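Before any questions on binding or motion, here is one chain by itself as structure tokens, the form predicted alone.
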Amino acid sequence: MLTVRAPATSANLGSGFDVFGAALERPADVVRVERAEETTIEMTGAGSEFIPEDPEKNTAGAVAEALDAPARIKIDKGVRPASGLGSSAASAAGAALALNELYDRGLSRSELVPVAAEGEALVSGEAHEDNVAPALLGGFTIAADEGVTRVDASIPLVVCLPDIVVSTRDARRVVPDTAAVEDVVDTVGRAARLTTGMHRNDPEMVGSGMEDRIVTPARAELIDGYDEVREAALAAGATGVTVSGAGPGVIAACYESDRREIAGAMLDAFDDAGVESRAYQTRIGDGATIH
């Protein structure tokens, strides 16, 4: 049996809707595969009871079909579904890397990105690469029509995950169809600043580049206590705060020395809003790894 650890990811990062993504050191899924005549899937771990084991309805099953690689697939979820932390992408990316190795398909990690995105399509309705790219490649990634660009960044982060469910499809429905030119200009500037900050490993630049006037305000409305959590994190030293992916996870960029205080402040703010939550003190990390 071949085992792969596939990381959680955070997409969008505020100013990079459907483009930016980052791999997180923790949490992660563990995907185990072995050859079989037909694909079967067994789910355990966080929120696994809500994930279909039918291969035709599971992201890993879609990947096995795309690679023509039937297998017994066991997934231990460390990344809760509907978290905004790339739960489906972690499973898809882990399965893609594992099955490519198991069947010696010879595809590079970059070539596996669109394969894993086919699994993502089951969840979001479209084959987005903003989560699967960092899950496979690690670091900070920019997914565009021309391909994926990777930056080997290492920015400290805090992710606070409230006990709220926000589905990817619901989060996409609230995205506005139009935007004022001044808001677009501001977002482009922020995205450029964030990208430069990733190249420089500069938490201040990355944090200020997370601001977004278009998508984030609409998605924040789906998260009870978001405004209070954001303000608490900033007051505790965060350099920037935004919705992680589709939400409800909230991600803060920061300096390493401030992570513990920021995590506590975010937890307290959610608690004050009557919402249970947990916090991960993490950073931008590596992509999926074979064990």
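In this text, residue numbers run from 1 along the sequence as written. Small disclaimer: the values here were computed from a predicted structure and weren't measured.
Missing here is the form predicted together with a small molecule; even so, the following discussion is about that form.
- Annotated contact segment (heavy atom within 4.5 Å of the small molecule in the predicted bound form): 168-176, selected among 205-213, 168-176, 185-193, 137-145.
- Though the partner is left out of this view, Phe17 does reach within 4.5 Å of the small molecule in the predicted bound form, counting heavy atoms only.
- The small molecule is not drawn, but in the predicted bound form it has a heavy atom within 4.5 Å of Gly245.
- Mapping the unseen interface onto this chain, His128 counts among the residues with a heavy atom inside 4.5 Å of the small molecule in the predicted bound form.
- At a distance threshold of 4.5 angstroms between non-hydrogen atoms, Ala11 is in contact with the small molecule in the predicted bound form.
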